[in-house]
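Next comes just one chain, in structure tokens: the form predicted on its own.
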Amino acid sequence: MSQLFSIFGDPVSHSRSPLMHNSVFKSCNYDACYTRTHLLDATKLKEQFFALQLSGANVTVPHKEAAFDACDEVRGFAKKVGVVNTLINENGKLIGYNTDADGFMYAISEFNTIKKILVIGAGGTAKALVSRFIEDDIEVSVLNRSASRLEYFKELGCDAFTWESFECAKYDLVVNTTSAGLKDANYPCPKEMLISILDATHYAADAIYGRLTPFLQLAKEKGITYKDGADMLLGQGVLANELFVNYTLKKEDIKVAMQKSFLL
């Protein structure tokens, strides 16, 4: 019986996930289809998941923390950070995982020694990445517009700043985890502040993919080596697909098929 998968988000029309996963299913002769679900109300996630009779799903902004709450059981790294981006229907139970963090580590693996990172934003993606960086003994600072979400990061031992309290230092990598630049021309923090940050870093990375955001445009103008979120998307996608097919396909085959989808 054919399986159905989807991605939940708001917005979701820009998502490359259907292309990526369908490319794997087609290439590997796996009987499944992957679609998009525009979800406005995060509290309806579980209800919608089972109403669509899904075998699994991905979750993108802004629903990753709500996805954690919707699960019957959360496993692995997702349990540690309270953030879920991959859902599996296991005998009628909703099981949650997080593949974002390891996907991002895959993406930045070609950057030289990363010992100090500044993360801009304090949402679900930031939580996952910061927790993962700390596991690798990387020193992390977090910058967010408001103070309300910074407590989580302070408890992890990070320096946490609002725009008003920010003190710039030297960084190996600056990461934008906000949605600034996804559908607009906004910067993730005030432009003058961003200029001083980029002047103090070796590398820049954006979780947003498929377009040169104003943040990355600025990095490019300064001659900084940068990456958009495409490699992170690929990395987390391969790990999610392994869960979708319950490890019945080889990781290398998934990766090759998924990489091809980025050329479409």
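Start at 1 and count along the sequence shown; that's the residue number. In this text the structure is predicted, and so the values were computed from the model without any measurement.
Beyond the structure shown, there is the form predicted together with a small molecule, which is absent from this document and is the topic of what follows.
Of these, Leu212, Val61, Cys33, Leu198, which has a heavy atom no more than 4.5 Å from the small molecule in the predicted complex? None of the others qualify; the residue that does is Val61.
Listed residue that, although the small molecule is not shown, lies within 4.5 Å of it in the predicted complex (heavy atoms), from Val140, Val81, Leu94, Ala122: Selected residue: Ala122.
In the predicted complex, which of 233 to 241, 50 to 58, 215 to 223, 35 to 43 comes within 4.5 Å of the small molecule (heavy atoms)? Stretch with heavy atoms near the partner: 233 to 241.
Please run the contact check for Phe133 against the small molecule in the predicted complex: heavy atoms, 4.5 angstroms, yes or no? No, Phe133 sits far enough from the small molecule in the predicted complex that none of its heavy atoms falls within 4.5 Å.
In the predicted complex, is there a heavy atom of the small molecule that lies within 4.5 Å of any heavy atom of Ser165, even though the partner is absent here? Ser165 lies outside the contact set for the small molecule.
So, Tyr187 and the small molecule: in the predicted complex, are they within 4.5 Å at any heavy atom pair? Yes, contact at 4.5 Å.
Going by a heavy atom distance of 4.5 Å, is Ala180 a contact of the small molecule in the predicted complex? Answer yes; at least one heavy atom of Ala180 falls within 4.5 Å of the small molecule in the predicted complex.
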